[in-house]
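The chain below stands alone, shown as structure tokens; this is the form predicted on its own.
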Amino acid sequence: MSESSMLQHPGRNLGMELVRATEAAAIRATPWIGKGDKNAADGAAVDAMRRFLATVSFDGVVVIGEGEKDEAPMLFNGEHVGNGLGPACDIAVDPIDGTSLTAAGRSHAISMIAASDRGTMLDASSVFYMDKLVTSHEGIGVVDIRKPIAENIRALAKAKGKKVEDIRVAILDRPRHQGIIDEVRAAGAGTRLILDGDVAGGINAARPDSRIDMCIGIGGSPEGVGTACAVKALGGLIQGILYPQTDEERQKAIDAGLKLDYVYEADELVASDNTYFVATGVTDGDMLRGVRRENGWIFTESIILRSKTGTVRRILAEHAEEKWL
């Protein structure tokens, strides 16, 4: 491989470098777990992630950042991160996916970064919500977000060799989803209601070893693009339909060149076969264990997914607490 081509694509060790940033964000957020102040938790995580990203050898552009959602002065859309050397990448960051979970001391909060080749991530920031469907590889060519939920459940159950009553569907627990919750249960399947942070729900649906078979419903569109990076590494299925809330938001989407009333497939959400998804647990969850402090040590669990190699790495790290004071 020539030097020029090496500079154009994320290298083999990028995920191992990015994980230091998610570890730092998770560790810095832990003093705020259960303290009821989600802004303080998010602020600590944002600052830590940005500081560590500055040391990574890459030229990253934040396509999906904190942005207007959290009124953040750092890690905003369009910001350049990294030391400017190495591969040119698009990145999606969420220092804490599940700030409300963290503030309440609930499970399933994570710190995450997704990366892909420069110019390949869909910038869906002008539309806050996206209707999503995620499954493992068995769902490819079998389910479709445009079909009735019950039909998709029956088709996926057949493809996976499971009974319909054994199918579990993850859904954000929101009033807007009461109708689809009722439909899932009427079809005979079970629900796993998520309080916050649907990235982990989508990834669990795509994992072959998960108890979750499908993740559906309306969540953040930026989170959908980040989830797509992970789903591509896992060989799963993700579909998304942008869901503008107002005429003004709809017009912003049109002005940004986004397609409305259109099903975005994985390769349209992230048009690269070299994606990374990196996450560290903040609080305990099905996917990752949260940060623990014991006897002068800080323990973290992280996951690194890469689509180009189909690799899933789990990293258990022990950090000397005195270094984090």
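A quick note: this is a predicted structure, and the numbers were derived from the prediction, not measured. One rule holds for the numbers: they count along the sequence shown, beginning at 1.
Below, we turn to the form predicted in complex with a small molecule, even though it does not appear here.
**Q** Since exactly one of D131, D196, E79, D117 fits, which has a heavy atom within 4.5 Å of the small molecule in the model of the complex?
**A** Result of the distance check: D196.
**Q** Check for me whether the small molecule, as it appears in the model of the complex, comes within 4.5 angstroms of all of K162, D213 and G235 - heavy atoms only.
**A** Checking in the model of the complex: none of K162, D213 and G235 is within 4.5 Å of the small molecule.
**Q** Going by a heavy atom distance of 4.5 Å, is A157 a contact of the small molecule in the model of the complex?
**A** Although the small molecule is absent here, A157 would stay clear of it in the model of the complex, with no heavy atoms inside 4.5 Å.
**Q** Might D97 be said to contact the small molecule in the model of the complex, defining contact as any heavy atom within 4.5 Å?
**A** Yes, contact at 4.5 Å.
**Q** Within 4.5 Å, heavy atoms only: does R174 come near the small molecule in the model of the complex?
**A** Output for R174 is yes: heavy atoms within 4.5 Å of the small molecule.
**Q** Using a 4.5 angstroms cut-off on non-hydrogen atoms, would E223 count as touching the small molecule in the model of the complex?
**A** Yes, E223 lies within 4.5 Å of the small molecule in the model of the complex.
**Q** I need the one stretch from 83 to 91, 203 to 211, 97 to 105, 134 to 142 whose residues put non-hydrogen atoms within 4.5 angstroms of the small molecule in the model of the complex.
**A** Going by heavy atoms within 4.5 Å, the stretch is 97 to 105.
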